[in-house]
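One chain comes next, on its own, written as structure tokens: the form predicted alone.
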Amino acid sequence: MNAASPSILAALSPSDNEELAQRRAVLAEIDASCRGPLLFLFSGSIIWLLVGTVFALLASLKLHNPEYLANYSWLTFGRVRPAHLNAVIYGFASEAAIGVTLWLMCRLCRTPLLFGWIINAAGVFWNLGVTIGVVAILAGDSTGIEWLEIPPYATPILFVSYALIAVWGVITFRFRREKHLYVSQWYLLAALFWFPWIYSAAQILLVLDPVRGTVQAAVNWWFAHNVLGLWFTPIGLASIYYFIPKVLGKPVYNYSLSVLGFWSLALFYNWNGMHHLVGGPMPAWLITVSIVASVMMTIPVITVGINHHLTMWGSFRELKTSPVLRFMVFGGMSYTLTSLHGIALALRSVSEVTHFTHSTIAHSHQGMYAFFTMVMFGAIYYIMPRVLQVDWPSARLIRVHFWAVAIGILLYVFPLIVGGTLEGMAMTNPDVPFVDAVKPSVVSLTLPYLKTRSYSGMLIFLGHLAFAISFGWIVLRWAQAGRLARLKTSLARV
């Protein structure tokens, strides 16, 4: 994909060719050193993706067919929905993010993976913690705190795992060969430091030694917002900043915009979240500050959007041939739209209508799936052939994956925004009593949109199956190529 053309190679001097060969040798060494941990992390993340998608489909079906599997206590809506959330957030998204961060840090630091056992141990602990947590949620042992439903006896396992990963990140950065810092490294390093801060603070204030009263709601929304904005968003943006210029073979459009986008994100995002409590028993100044910070997020959103779009300018034809670019550009555009939508939802006049409706669910899936998950798919499609030295076996499966999940998430988000808005307008209509607003006669306004949500989930699940088959297939081809190489070596020794 990024190999130089024969005409360019012919024009290089012998010293240039030697330098290019050395650079490729270093990259090959880095990729080989990452192979084992990445196979473990990406395999685990894809398994959790499939598990989480099944739970999501069950939860979606129950919204318009409550009797479905109602006799099984482990599969009630109140259990499968948080099981889906935690399986996807901590099982798939975080594990994929750790894998992509690992590879990007090694590549950008020009350093082979150091102390790979740290990552392997962290991966084992992480999957153990998520497994215990999800099973406990299905068994009814949930904390009941959104995004933090995993019970307190499983969270220390996750924290120990992440501590190992953070230590590895510091070690890799300390012994880097490349002293120049690329924009992606800013975001990756920031994410590695931000996540333990927000996760440990939320665990202490909500689970281990809970604060009193309405402060719990404030802490909960502070965590829920910041785990997306200060953990997943930096890794997603770091990936876009790396892969789009890499695939196109040209630099990012403007370095100064990168600086502005990073620091404005760091400054404004952590104040977000309180706008979800508009109308609640919270100090007015707290909500107002959050709304102002949400509006100020226009700065990083616009600067990042300009940088990504103008880096792509003149190269959009490459979307036809590069699946990596398709996922990355879809994710980058979704980041811009999601953020602008979030800014609008933060305004009091809008939030009063939407913040108890399906519109909020649509917005969260815009961020976690349309932006972050699509970017992770693109990153894995780029990384795996370089790590395994084997091409993806089926371009058709990749196309099925992209179009199924792209169409699926669009069918998910936009109908729920419309249905949620209608739902909110009914609930806030002074001429409609609240009790009547939640009766089937009124809820039927949103019923078609909830059914569309289930259909879109089936389409997304189809895409995930195509992705899992592609991943298993490329690993199988790599294993077969390895056996063949070993056979040739043994025959040559005879």
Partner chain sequence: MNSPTSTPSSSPGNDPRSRGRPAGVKDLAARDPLEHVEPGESQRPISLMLVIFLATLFSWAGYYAHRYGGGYEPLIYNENAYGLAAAKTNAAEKLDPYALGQRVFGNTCARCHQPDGLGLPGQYPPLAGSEWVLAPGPARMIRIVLDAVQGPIPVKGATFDNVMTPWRDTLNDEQIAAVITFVRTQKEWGNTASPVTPEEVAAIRAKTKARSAAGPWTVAELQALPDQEPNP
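Remember, it's a predicted structure, so these values are computed and weren't measured experimentally. Positions refer to the first chain, counted from 1.
If you look for the form predicted in complex with the partner chain, you will not find it shown, but the lines that follow are about it.
- Contact with the partner chain in the predicted bound form, defined as any heavy atom within 4.5 Å, is confined among 274-282, 224-232, 363-371, 154-162 to 274-282.
- Under a 4.5 angstroms non-hydrogen atom cutoff, the partner chain in the predicted bound form lacks Asn120 among its neighbouring residues.
- Mapping the unseen interface onto this chain, Leu260 counts among the residues with a heavy atom inside 4.5 Å of the partner chain in the predicted bound form.
- Under a 4.5 angstroms non-hydrogen atom cutoff, the partner chain in the predicted bound form lacks Leu411 among its neighbouring residues.
- A residue is said to contact a partner when one of its heavy atoms sits within 4.5 Å of a partner heavy atom; Thr336 fails this definition for the partner chain in the predicted bound form, lying far away.
- Residues Ile46, Val54 and Leu58 are none of them found to lie within 4.5 Å of the partner chain in the predicted bound form, as judged by heavy atom distances.
- Of the listed positions (Leu192, Ile291, Met105, Ile417), a single one reaches within 4.5 angstroms of the partner chain by any non-hydrogen atom in the predicted bound form, namely Ile291.
- When you look in the predicted bound form, the only residue of Val350, Leu114, Val295, Leu75 with a non-hydrogen atom within 4.5 Å of the partner chain is Val295.
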